[in-house]
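Heads up, the chain below is alone and in the form predicted on its own; it's given as structure tokens.
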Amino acid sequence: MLAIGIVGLPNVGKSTLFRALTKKQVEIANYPFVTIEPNVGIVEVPDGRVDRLAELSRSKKKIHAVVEFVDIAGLVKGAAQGEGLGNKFLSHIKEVDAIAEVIRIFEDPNVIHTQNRVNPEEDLKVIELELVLKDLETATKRFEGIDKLIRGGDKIAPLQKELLSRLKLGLEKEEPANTVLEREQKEFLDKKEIAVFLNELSLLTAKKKIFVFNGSEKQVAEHWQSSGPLKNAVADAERILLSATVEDELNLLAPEERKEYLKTLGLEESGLDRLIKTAYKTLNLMTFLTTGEDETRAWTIPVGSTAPRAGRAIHSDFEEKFIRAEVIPCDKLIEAGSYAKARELGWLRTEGKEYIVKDGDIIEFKI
């Protein structure tokens, strides 16, 4: 399951965002460290295709793809050295696939800021530095124990030591791990053993990232944009502008009222829906579907997956014993109105092992 960690300084709106995402009540208060243990919530990926297919197939149940969101307590300057609640929370981030960094841009004298000012650029620097320092600690600990493996005759350990040495050097200069690894890619990262090793390290600054700018209703309606050094700092990452408070309020409205409210803000969909879709894009994921009387279901796979690899999402047998697949784009089946009509129109295709699955394909596997 895809997991996204929600990270930020105290009182930037993380817990409000999490509550809106999961419709799960979590304790929220106007002081730091209210979130002691990470809250975990499972959120459906918004996908109208599932609903339409379930109706067409008269499915007994429908199952959307899901994303796991982890609300991690507020970081503060010095967290990597144990300040605030420190390392305890940084360790929780290791388990996620991507990080959503919540940056406060709204002004509200009733919501205190740990630095007594709203400065998104400085807040971002604090978060990024703490993640780098945590990675430096991880790399240093692993580096200190690597000689024992070398003495024991581990053939890949010398290569690991050299990579760790370069990682440490970069992190000490406050370079994120993904920058260092990109530089060292040709020499190290084409080796399978090194890929496994890096996965075990689970470096925070090597993870995919989404910046979530949490603004006021006015800032959202006016389509606030970052500028200057802040704009440059987030230029290469996915970004979302939303108001966690507005998103929380949207959950209380009926569907038509929700549409009207979004319309007044100049939006077609909620910030939460955009965040979930952006998470998929960030991690290079997509969806294929299965449908029938028993159930209609969305399945998550990497972009570029072959038909057998897509089958693995259902069961390993569908990959290992794959013979062929019957495929039709979702919109074509809905247009046809039934499998029988789609077959009559010649819209159902038989595909083999080399077929690259497209987002929204409906697939029936033959094994």
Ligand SMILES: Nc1nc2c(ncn2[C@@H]2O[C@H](COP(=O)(O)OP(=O)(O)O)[C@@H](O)[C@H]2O)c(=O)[nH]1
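Residue numbers run from 1 along the displayed sequence. Predicted model, so just to flag it, every value in this text is computed and none were measured.
We do not show the form predicted in complex with the ligand, though everything after this point is about it.
Looking at 101-109, 146-154, 130-138, 270-278, the stretch with residues near the ligand in the predicted complex, meaning non-hydrogen atoms within 4.5 angstroms, turns out to be 101-109. Taking the partner from the other structure, the ligand in the predicted complex has a heavy atom within 4.5 Å of a heavy atom of residue 244. Looking at residue 11, you'd find a heavy atom of it within 4.5 angstroms of the ligand in the predicted complex. Of the heavy atoms in residue 22, none are within 4.5 Å of the ligand in the predicted complex. In the predicted complex, at least one heavy atom of residue 214 sits within 4.5 Å of a heavy atom of the ligand. Figure legend: C-alpha atoms of residue 217 and residue 252, shown here, are separated by at least 3 angstroms more in the predicted complex.
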